[in-house]
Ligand SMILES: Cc1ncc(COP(=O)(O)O)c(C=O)c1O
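Below you will find one chain, with nothing else, as structure tokens; this is the form predicted alone, and questions on how it binds or moves follow later.
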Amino acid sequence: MNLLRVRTEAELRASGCIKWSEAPADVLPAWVAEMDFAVAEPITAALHEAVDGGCLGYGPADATTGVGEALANFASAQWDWAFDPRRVVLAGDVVDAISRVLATLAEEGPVIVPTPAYPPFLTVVGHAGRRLVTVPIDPDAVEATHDLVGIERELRAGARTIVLCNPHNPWGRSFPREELEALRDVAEAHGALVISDEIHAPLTLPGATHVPYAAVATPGARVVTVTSATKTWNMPGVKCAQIVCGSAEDAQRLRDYPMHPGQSSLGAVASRAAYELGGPWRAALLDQLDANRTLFTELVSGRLPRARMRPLEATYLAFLDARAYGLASPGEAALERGRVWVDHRPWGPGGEGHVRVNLATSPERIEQIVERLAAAWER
């Protein structure tokens, strides 16, 4: 039985979801993080049952949803990471979660965001009333590793919080234990809070291993993990992120934050179904993404010889370095000349001249993406 079904273009455009509905008819969309695959049947079944039962009110209290227990069981089985489900606080999405953590748990002082970064991370810090400081990951280094010297310099200068993306978006890197331990040593030496975004952890591809940052942190250290099932199981519109707190006290402070919970009742239903019943679909997805990254890498090597891409270890989002083509905006050129829409939002220092390409689609569409990029760039 084929658990992973690629939706037709007609289905995708009719769905109203942003990736396809905002693209003109002659444009192939490969930008925002939505997949072209149909959602797993156990999730849609759970949602239909919930809607039929009238589950359309405000999101219920965290403890009544079962999401914390489902996530804890999933994390234990996948990464041998154990935590108390009662320390899981629900939020709308990871950006909402980070904003709440900054507002309630972070000390006064600048917030470090290594770049390139998921663009909302560059704006949420200011929206939370904190000053952003960026520490670039060298785009020309052999591996996309954190600049620990730069991070320590900012901590010495007064920064009190680090926003970590693990696995990294947009680099697609799964950080090994020794690198996380090195970051831990720097952060803990200064008593810094580490907010680790691990939404892409279940999308770690064959050959790589996800290590939760909280699993290498010293017991009692200031760590908060934010994650969600929405990215892996292709349901970003069903809001329900999870904040795994380092203590019961931190969890209570987040729950006392004076705002309506951002999660939806349907988001909680879908998230629990994903963690508890979505394993076979996720396994099929990872097999397909593994094949897709191999195909994409081979096609880029043959058709886009001046582009560079580090090995994709996690996520379905490939980060292409197109600086060698000398284009003012490789993404705009791709759209105007090749009629392919790749993600070219501002990634921060170190991300200039790069585009992000969504590989969660059919092999046929991946071939079309590369052909269109070649038509736009190889002139």
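Just count from 1 along the sequence shown to find any residue number. Owing to the predicted nature of the structure, the values given are computational and were not obtained by experimental measurement.
The following text describes the form predicted together with this ligand, which does not appear among the structures shown.
With this ligand left out of view, the stretch that reaches within 4.5 Å of it through heavy atoms in the predicted complex is, among 164-172, 283-291, 106-114, 248-256, 164-172. Shown alone here, Ile195 lies farther than 4.5 Å from this ligand in the predicted complex, counting heavy atoms only. This ligand in the predicted complex comes within 4.5 Å of no heavy atom belonging to Glu179.
With a 4.5 Å cutoff on heavy atoms, Thr204 does not count as touching this ligand in the predicted complex; it lies far away. This ligand in the predicted complex is approached by Asp93, whose closest heavy atom lies within 4.5 angstroms of it. Residue in contact with this ligand in the predicted complex (any heavy atom within 4.5 Å), chosen from Ala33, Ala70, Ile43, Leu335: Ala33. Contact annotation: of the candidates Tyr213, Trp233, Tyr275, Tyr118, the single residue with a non-hydrogen atom within 4.5 angstroms of this ligand in the predicted complex is Tyr118. Residues Asp197, Ile199, His200 are the members of 184-221 with a non-hydrogen atom no more than 4.5 angstroms from this ligand in the predicted complex.
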